[in-house]
Ligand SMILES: NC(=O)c1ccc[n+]([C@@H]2O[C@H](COP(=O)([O-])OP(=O)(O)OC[C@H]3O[C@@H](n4cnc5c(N)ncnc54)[C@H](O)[C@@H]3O)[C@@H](O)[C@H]2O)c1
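What follows is a single chain, given as structure tokens, in the form predicted alone.
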Amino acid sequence: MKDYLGISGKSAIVTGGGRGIGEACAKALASYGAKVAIFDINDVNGNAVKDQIIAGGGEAIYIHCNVMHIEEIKAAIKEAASVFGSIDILVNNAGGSEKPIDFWNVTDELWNKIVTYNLFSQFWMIRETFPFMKEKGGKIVNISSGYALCGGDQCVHYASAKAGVIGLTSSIAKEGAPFHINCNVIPVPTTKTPGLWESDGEFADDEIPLIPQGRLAEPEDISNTVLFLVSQAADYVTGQIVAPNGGRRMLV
């Protein structure tokens, strides 16, 4: 039987892999034979996901890493590469926002914090993993947001950073192509994760009537898309916005 994905034995990094979409991505990759390095700042969550993967017969390590600090990123990537011998896949998932806030109340400090968390961190992760992929190629998936496509109320800093991720993706895709490095972006919709309720989950039920498929996304809806984009089946897919959102925002 043919292996459609072709990721068994590949080494992957998933940032924010301790819960939510990142957890789903880490487990999905491991279930198809990838060796997964989980980056997170919550050691309890990160180790729990690692242990669950290993208990299921997969291979995983957990590395504490705050993606808002470049030195921690460098050290974590060096450790992951040392353990696995290579880095073939990067899922830039870590990110998020806080409570809704009117744009005129966004301070420079808050702007810098959210932009660093959601945009700078992804650039740093790509820049530092790129040398490991240049020899034999690789797959990069950046997690953006539906707000990057059409803006959002009371989240100007977050929407701007996530829009930047789309520009980052297309640029990396062009520069990575000669090295057989693919880079794509997923503008995730409203997804049922712990982070949703921590930021502003009150609006979630109001959005359901606007979704043609009639439900919010599950983390697995996103991880399934990640699986495709990092697979050999997507070797000719790069620089693309791939939006699993139940029809909420149609890009055609």
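What you see is a predicted model; the values in this text were computed from it and never measured. Numbers for residues come from their place in the sequence shown, where the first is 1.
Just so it is clear, the following notes concern the form predicted in complex with the named molecule, a form of the same protein that is not shown.
**Student:** Check Pro194 for me: does it contact the named molecule in the predicted complex (non-hydrogen atoms, 4.5 angstroms)?
**Tutor:** Yes, contact at 4.5 Å.
**Student:** Consider Trp124 of the chain shown here, and say whether it contacts the named molecule in the predicted complex, taking contact as heavy atoms within 4.5 Å.
**Tutor:** Flag for Trp124 set to no.
**Student:** Is Thr169 part of the interface with the named molecule in the predicted complex - any heavy atom within 4.5 Å?
**Tutor:** No, Thr169 sits far enough from the named molecule in the predicted complex that none of its heavy atoms falls within 4.5 Å.
**Student:** In the predicted complex, does Phe132 come within 4.5 Å of the named molecule, counting heavy atoms only?
**Tutor:** It does not: once the named molecule is placed as it appears in the predicted complex, Phe132 has no heavy atom within 4.5 Å of it.
**Student:** Consider the chain as shown here, without its partner, and state which of Ala37, Cys65, Leu29, Cys183 has a heavy atom within 4.5 Å of the named molecule in the predicted complex.
**Tutor:** The residue from Ala37, Cys65, Leu29, Cys183 that makes the contact is Cys65.
**Student:** Could you tell me which of 173-181, 100-108, 158-166, 74-82 sits within 4.5 Å of the named molecule in the predicted complex, going by non-hydrogen atoms?
**Tutor:** Among the candidates, contact is made by 158-166.
**Student:** Heavy atom within 4.5 Å of the named molecule in the predicted complex: which residues of 93-125 meet that condition, in order?
**Tutor:** Going through 93-125 in order - heavy atoms within 4.5 Å of the named molecule in the predicted complex - the hits are Asn93, Ala94, Gly95, Gly96, Tyr117, Asn118.
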